[in-house]
Structures are given as C-alpha cells and as structure tokens.
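To begin, one chain is listed below as structure tokens, in the form predicted on its own.
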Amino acid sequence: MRKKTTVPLKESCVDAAREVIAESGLEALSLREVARKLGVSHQAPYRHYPSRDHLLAAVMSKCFIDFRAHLEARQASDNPDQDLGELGRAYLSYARSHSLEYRLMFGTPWPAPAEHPDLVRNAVYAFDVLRGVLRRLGEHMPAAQIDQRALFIWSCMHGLSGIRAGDVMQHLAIDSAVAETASEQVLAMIGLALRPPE
C-alpha cells in the first residue's frame, strides 16, 4: 500500500493503474485492485471511472500525452529532412525506454472509442507531430498523401521497434554491425522513399 499523497484521486488512480499493469499485466487491472493499491475504499475510484475500460482509456490517453511530449522534445531542426530523422530517433527511443506505455498505446485493444474522446484526441495529437513535419517537406501536398506517408513511416518505426523489443534479431545470424546500424539504415531508406522522383 502506498503512502497517501496530495495528488487528486483521479490522477492517483491512473498512476496506480499503470503500476498494476507493470507489476501483474493488463489482465490484473481492476478498479478494486487500484483501490487496494491506493489504500482507499473499493468504491472510491468509481467516483471518477465508471468502469475498468474508462480507467484503461485514461491510462492510454496519458501515455499518448507523454509520447507526444517526448516527440516534441527532440532536437528539432529547421531542415525538415533532418527533423524527420530526429523524429524517427525520438520515436525509437521512446519505444525502447517506455516499453510498457508503448505496448499500451499500440498493442492493446482500445476501449470503445466513442465513449472515450480524450483518448482519441490525444492519439490524434501525437500523430499530428509526424503530419506537421511531413507538411514542411511538401507544402502543397494533399492531406491524403501526407497521411499515406505518415502511415508508411509509422509502420517502419513500429516494425523496427517490435523487432528490437524481441529476441529474434540476435538469432538470425545478422552481422553485429548491421544490427547496430539498423535504425539509421531504416531512417535513411525512409528518406530515399520520400524523395520526389527525378
């Protein structure tokens, strides 16, 4: 049981839920378990979260807020090509250093989106960071083309993050120099793919 703090119960529930998931997995998350961890009445979390899904949506929403902040804290560049590379590196570093939050955002079935607009809005805000850089690369590019490119880049980053998170790469007889430079190689190939045809 944690020590009582001055953090409002609503926020404390989100923090405690993340701890429950980290310690025992998503299946262990319940409002009752969160209340037990906080040392409050088992009914107390229901004042802010009508169901487990509402609490899970709040946790995921907070993850997207933190993810966007991490992306925005990158070493930004006035050169959009360089900035896109920095954004890719920031994405990969977040996936590596915040593996739980990354799995919650991109590997967990979402609660019904219509019931959790904050979650949807914060996910869109995070995706908009990538859209913003792509708009700088092609000022007159149609929105649909920007989204197609954003999904291509996101797929590459997500795939590489997944491979790095697992153990498979070390068993594929890949030269260590290739494995060590995989991130930069993928970023370079993304740059080539986005280059306009000559």
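Start at 1 and count along the sequence shown; that's the residue number. Just so it is clear, the model here is predicted, and its values are computed rather than measured.
Another form exists, predicted together with a further copy of the same chain; not displayed. Remarks below refer to it.
Exactly one of Leu29, Val59, Ala35, Leu160 has a non-hydrogen atom within 4.5 Å of a further copy of the same chain in the predicted bound form; which residue is it? If I apply the 4.5 Å criterion carefully, the residue I get is Leu160.
Please pick, from Leu151, Ala44, Ile65, Leu137, the one residue with any non-hydrogen atom lying within 4.5 angstroms of a further copy of the same chain in the predicted bound form. If I apply the 4.5 Å criterion carefully, the residue I get is Leu151.
At 4.5 angstroms, heavy atoms only, are Lys10, Glu19 and Ala76 all close to a further copy of the same chain in the predicted bound form? Not a single listed residue reaches a further copy of the same chain in the predicted bound form, so no.
Arg103 near a further copy of the same chain in the predicted bound form, any heavy atom under 4.5 Å? Close contact exists here: in the predicted bound form, Arg103 approaches a further copy of the same chain to within 4.5 Å, heavy atoms only.
Would you please decide whether Val14 lies within 4.5 angstroms of a further copy of the same chain in the predicted bound form, comparing each non-hydrogen atom pair? Contact check for Val14: no, nothing within 4.5 Å of a further copy of the same chain in the predicted bound form.
Against a further copy of the same chain in the predicted bound form, would Ser93 count as a contact residue? Criterion: heavy atoms within 4.5 Å. Heavy-atom contact with a further copy of the same chain at 4.5 Å: absent for Ser93.
Does any part of His48 reach within 4.5 Å of a further copy of the same chain in the predicted bound form? Heavy atoms only, please. It does not: once a further copy of the same chain is placed as it appears in the predicted bound form, His48 has no heavy atom within 4.5 Å of it.
Only counting heavy atoms and a 4.5 Å limit, does any residue of 152 to 185 reach a further copy of the same chain in the predicted bound form, and if so which ones? Residues within 4.5 Å: Phe152, Trp154, Ser155, Cys156, His158, Gly159, Leu160, Gly162, Ile163, Asp167, Val168, Met169, His171, Leu172, Ala173, Ile174, Asp175, Val178, Ala182, Gln185.
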